[in-house]
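Given as structure tokens, the chain that follows is alone and in the form predicted alone.
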């Protein structure tokens, strides 16, 4: 990643993490009294989103690190939990919701790690199974070049038996994971897409082959894996391309190493459409057959989603019959038409995923009891 400017909030300028990051970045530094100074700098740029991707702001998280995933009651939610380590991303996917989610979009990293670890200790003490990810408001691994975040988190999670960490990425920044005592309590996950989508719509991300090679390497280090085909995009020839991705995946990775695979098709808020049109005028992904969903997001017509989902499920099942497949934010009709069952038949999607984590990550099954 290319950082051209570093802002440091005065309240954390003497934190050890701040000194460590500053020493690894040879860029102009400015200490600010409040976040508004950084926001004004970003907003004054011709392209604030692009400026936000190359301007790093070190600050503290004044709220909670441990959060609920902002799902919607209209669709089946997996009860995922978020570890809020920072915001935004230096990669530049056309469809990225973060372009319109943050106002303005700022690449900020929270350095008050003592508070983060204190919250995690409270979570671990509950002795209840949680699936926690850092990839909701950012990519989990973009910070690896100049922070020790993976060492901090993987080590902390390895020392307990009720909670699993998922690091979700489109990068290959995995080398720092090699020697860590993970104890299978960290799942390393990749977002996957077709070569055409990666080339045209996922700028500055790792290639498909590079992602799969990195996944195979993590598996050889004993890490459980996960994969997310999300967002899947419908275009001419997409079925052949997605089938090829599935075959490439299982040519590189043993299905027994995979905890789960999620599927989801392109969906976007109307506010994002204008941003994509302005920043990526050559992109055609927003001009498909869409309709407003129950959550207000634009989605492909349900029959189109079901058709693609059915085929993806069949291709995966053919090569990995025992891998858990689930849908990200879809309703019971989609589940029944595409997978032949609805989550409530198996105790609900959270229970399905928790049970899978017990099996593959060695979590204590006592934590399955939900109160």
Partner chain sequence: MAFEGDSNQQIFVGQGFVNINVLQSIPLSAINSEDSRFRITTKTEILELVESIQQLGLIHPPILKRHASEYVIISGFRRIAACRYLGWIEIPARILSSKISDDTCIQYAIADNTLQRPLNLVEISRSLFLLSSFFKDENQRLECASILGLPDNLSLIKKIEKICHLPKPIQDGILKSTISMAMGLELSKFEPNIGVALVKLFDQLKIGLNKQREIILLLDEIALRENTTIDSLLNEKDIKEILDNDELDRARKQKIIRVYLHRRRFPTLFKTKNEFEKLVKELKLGNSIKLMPPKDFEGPTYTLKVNFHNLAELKDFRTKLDRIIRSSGLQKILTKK
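Positions refer to the first chain, counted from 1. All values derive from a computational prediction rather than experimental measurement.
Below, we turn to the form predicted in complex with its partner chain, even though it does not appear here.
- Interface residue remark: residue 251 is not counted as part of the site for its partner chain in the model of the complex, having no heavy atom within 4.5 Å.
- For residue 75, a non-hydrogen atom is located within 4.5 Å of its partner chain in the model of the complex, even though that partner is not displayed.
- For residue 37, no non-hydrogen atom is located within 4.5 Å of its partner chain in the model of the complex, even though that partner is not displayed.
- Proximity of residue 178 to its partner chain in the model of the complex: non-hydrogen atoms within 4.5 Å are absent; the residue sits far from the partner.
- Contact with its partner chain in the model of the complex, defined as a heavy atom within 4.5 Å, holds for exactly one of 299, 90, 84, 257, namely 299.
- This chain is displayed alone, yet in the model of the complex one of 325, 304, 29, 43 has a heavy atom within 4.5 Å of its partner chain; that residue is 304.
- With its partner chain omitted here, the record of contacts in the model of the complex names 289-297 of 117-125, 289-297, 222-230, 150-158, defined by a heavy atom within 4.5 Å.
- Highlighted residues 311, 318 and 359: none comes within 4.5 Å of its partner chain in the model of the complex, counting any heavy atom.
- Shown here without its partner chain, the chain has 331, 333, 337 in 319-353 lying with a heavy atom within 4.5 Å of that partner in the model of the complex.
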